[in-house]
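Before any questions on binding or motion, here is one chain by itself as structure tokens, the form predicted on its own.
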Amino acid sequence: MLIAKVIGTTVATIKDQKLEGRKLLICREADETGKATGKPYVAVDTVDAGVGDLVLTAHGSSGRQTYLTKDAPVDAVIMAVIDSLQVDGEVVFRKS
């Protein structure tokens, strides 16, 4: 799993049938404080996340293990919205 920040949305009207009706969000890997650090990538949203949310993402074959993405051509999936992060006993991120 990776921590990521949702930075945008994408629309694809022509796509694989197994992705019909799925929301596609643009994410960037983030550090433990929620600051976006990595390259952007698209992930299938399974938890109704939105722009600005800090999320957990799964990649590769793990991304195809959710109920909504089973056997779909998915490389990244948003599977949780983070409420808070605690590092070394200190809360470094809290969803406002």
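Bear in mind the structure is a predicted one, so any value in this text is a computation, not a measurement. Quick note: we count residues from 1 along the sequence shown, nothing fancier.
One more form of this protein exists, namely the form predicted in complex with a further copy of the same chain; it is left out here, but the text below deals with it.
Among heavy atoms of D83, some come within 4.5 Å of a further copy of the same chain in the predicted complex.
a further copy of the same chain is not shown here, and in the predicted complex it never comes within 4.5 Å of any heavy atom of G50. For D88, a non-hydrogen atom is located within 4.5 Å of a further copy of the same chain in the predicted complex, even though that partner is not displayed.
Taking the partner from elsewhere, A36 is found to have every heavy atom lying beyond 4.5 Å of a further copy of the same chain in the predicted complex.
Residues I7, G8, T9, T10, V11, A12, T13, I14, K15, D16, K18, L19 of 7-21 are found to place at least one heavy atom within 4.5 Å of a further copy of the same chain in the predicted complex.
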